[in-house]
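This document opens with one chain alone, in structure tokens, the form predicted on its own.
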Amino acid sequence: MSLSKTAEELREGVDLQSIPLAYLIPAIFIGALALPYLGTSYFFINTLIYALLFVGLGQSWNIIGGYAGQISLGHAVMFATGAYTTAILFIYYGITPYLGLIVAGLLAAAVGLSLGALTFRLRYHYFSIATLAATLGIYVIALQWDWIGGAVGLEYPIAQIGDSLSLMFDSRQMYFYVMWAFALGTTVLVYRLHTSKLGIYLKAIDIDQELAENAGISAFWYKMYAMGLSSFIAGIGGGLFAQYVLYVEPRILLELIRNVEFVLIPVIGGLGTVLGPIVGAAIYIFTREYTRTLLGGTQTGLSWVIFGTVLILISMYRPSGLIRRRPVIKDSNEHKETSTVSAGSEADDD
């Protein structure tokens, strides 16, 4: 290799798109474990915790929005279902959140499947409007429902913080590791989905639903599979959010901006990609938290102007997101040349 060629490669840098996800994902999450040691302030650790939580929530929406192409504006309903379920089971019945999170995920999946069964017959923006209407309706019901605390909400018994079965910690670092595990688990799940038959069918439905149905793919049922999986993750994410903030109420769970956040993260990072929600959550959460803190007081609201500007620039220069989709099925000629090596890994990338 000549020196000039080596220098040119160094100038171009490492192309992350060329690195297999099977290596890139472990590297990212192992590297993330060092982040709490870079800064120990409450604000920095709090921002990391939210970033990891929203990696998982972004992956949740990515399944139904990025892969199946269904622009849901109702994921706050499943998020709130998980949060309320975990909180109520613990506060009213003393059921540990370790079990409550599973129940929360299952109940959220049931709610998501019910919503999907009612709305998947709708196409294009009608589906988005219907899911948004569901969120607004549930928000009004939650405000009036005294059993779940109404507009005031429910608070966790802080006296049980530190109890081994309460999943409430004195240390912020423990929450960081819990959210890290959630982000890693959802990313691995989406990675497996990406390389599975279900993932390929969902992408086919996203590209051309009529053509996919003509090929024998049941668009309705595959979208239902995606909705159930996506809602299950959103429910667990809602339960973890409740365990972290230690209270639940309609405004923080069902407000309109919550729905928008679920959508923004994979849109910024890259729809239908495994790494997109990771990149999107890092950009969105750090921008939101730091601008909101630095520009608070008399400049409240300016943070959204700055974030809107960033979003416009991304839309102009990278409309499909910062992470590009990698081809799942490589060129046929390349496939023939590498078939003996890549038979099990050709669907390895975005």
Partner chain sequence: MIPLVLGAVADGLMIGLAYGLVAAGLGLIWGVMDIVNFAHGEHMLIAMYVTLLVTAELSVSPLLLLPVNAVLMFVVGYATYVFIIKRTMDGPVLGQVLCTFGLLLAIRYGIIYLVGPSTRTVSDFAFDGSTTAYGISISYPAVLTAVVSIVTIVLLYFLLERTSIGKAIRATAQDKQAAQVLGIKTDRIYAVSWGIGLAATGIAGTMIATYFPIQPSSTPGVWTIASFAAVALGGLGSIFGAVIGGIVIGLVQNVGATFLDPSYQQLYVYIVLIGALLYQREDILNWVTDR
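Residue numbers count along the first chain shown, from 1. All figures in this text were calculated on a predicted structure; none of them were measured in a lab.
Omitted from view is the form predicted together with the partner chain, to which the following refers.
Which of these residues, Phe44, Phe29, Trp304, Tyr50, gets a heavy atom within 4.5 Å of the partner chain in the model of the complex?
Looking at the other structure, the residue within range turns out to be Trp304.
Give me the residue from Ala212, Met168, Leu89, Ala130 that has a heavy atom within 4.5 Å of the partner chain in the model of the complex.
Comparing distances to the partner chain in the model of the complex, the residue within 4.5 Å is Ala130.
Counting only heavy atoms and a 4.5 Å cutoff, which of 309-317, 51-59, 285-293, 30-38 contacts the partner chain in the model of the complex?
That would be stretch 309-317.
Between the partner chain and Leu118, Leu122 and Leu271, in the model of the complex, does every residue show a non-hydrogen atom at 4.5 Å or closer?
Result yes, every residue of the spot touches the partner chain.
With the partner left out of view, is Val248 within 4.5 angstroms of the partner chain in the model of the complex by any non-hydrogen atom?
Result no; Val248 lies far from the partner chain in the model of the complex.
Indicate whether the partner chain has at least one heavy atom within 4.5 Å of a heavy atom of Gly137 in the model of the complex.
Answer yes; at least one heavy atom of Gly137 falls within 4.5 Å of the partner chain in the model of the complex.
Hey, in the model of the complex, is Val77 touching the partner chain, heavy atoms inside 4.5 Å?
Close contact is absent here: in the model of the complex, Val77 is far from the partner chain, nothing within 4.5 Å, heavy atoms only.
Wondering, does Ser114 line up within 4.5 Å of the partner chain in the model of the complex on heavy atoms?
Residue-level check for Ser114: no, no contact with the partner chain.
Which residues within 241-271 place at least one heavy atom within 4.5 Å of the partner chain in the model of the complex?
Residues within 4.5 Å: Leu256, Ile257, Val260, Val263, Val267, Leu271.
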